[in-house]
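Just one chain is shown here, as structure tokens, and it is the form predicted on its own.
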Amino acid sequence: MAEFSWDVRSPLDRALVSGAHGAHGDAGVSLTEIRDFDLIQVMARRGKAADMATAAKARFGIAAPETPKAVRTADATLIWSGPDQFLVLSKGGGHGTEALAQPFASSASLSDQSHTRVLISISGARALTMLAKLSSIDLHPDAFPVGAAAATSMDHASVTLWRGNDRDGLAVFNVLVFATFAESLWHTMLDSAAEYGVDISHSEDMA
């Protein structure tokens, strides 16, 4: 019997070239692919939304978002993904399907999305300007503050978008996109950001 050796690679493995891109000088936009994360979708079973909310509060010590928001715990981010459902983004397997199975056994169904999505962190002085080219959502801080989230689209691809904590006084946006659309969206982001100068990288660390 043939033996297979699987080499796990990012869907952006071919497209992502670390370094500077576009206009010279200080980069106005930083694009970072975050790799090696756990992403679990938690979906309430019929009539069990309240029970799921109770289980989430017990598990994470914080209420899961019931509106388009993202909330952080010490080791996970809970992101609204639709009515009676949310995503659990974490590292290291502490909140993987095996760990969450028992807490949500009677209230929700779990779906491991870890290898179906690509996570891109966007920051920099011109990040908001660049994203305004791609998103129909008003991302001004008054309309889309820290912790705001949306299930929306960019470049005809469905994405989950949320604003993380500011870094060095600048907004940080996060985009989860299905792996099959990631390379196309990545190139669109590069084209949109090129005039501001782009710093490209990948990281194992969560933003």
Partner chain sequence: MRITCPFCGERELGEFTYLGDAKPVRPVAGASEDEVFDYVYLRDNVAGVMSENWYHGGGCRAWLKVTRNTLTHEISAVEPAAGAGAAKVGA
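Numbering follows the first chain given and starts at 1. Since the structure is predicted, the reported quantities are computational estimates derived from the model, not experimental observations.
Keep in mind that the form predicted together with its partner chain is missing from the display, and what follows is about it.
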Task: in the predicted bound form, segment of 134-142, 162-170, 24-32, 57-65 with a heavy atom within 4.5 Å of its partner chain - done: 134-142
Open item on the list: Please determine whether residue 180 contacts its partner chain in the predicted bound form, using a 4.5 Å cut-off between heavy atoms.
Closed with: no
Task: its partner chain contact at residue 104 in the predicted bound form, heavy atom, 4.5 Å - done: no
- [ ] Please check if residue 94 has a heavy atom lying within 4.5 Å of any heavy atom of its partner chain in the predicted bound form.
- [x] no
Open item on the list: in the predicted bound form, is there a heavy atom of its partner chain that lies within 4.5 Å of any heavy atom of residue 44, even though the partner is absent here?
Closed with: yes
Task: Residues of stretch 126-160 in contact with its partner chain in the predicted bound form (4.5 Å, non-hydrogen atom) - done: 136, 137, 150, 151, 152, 153, 158
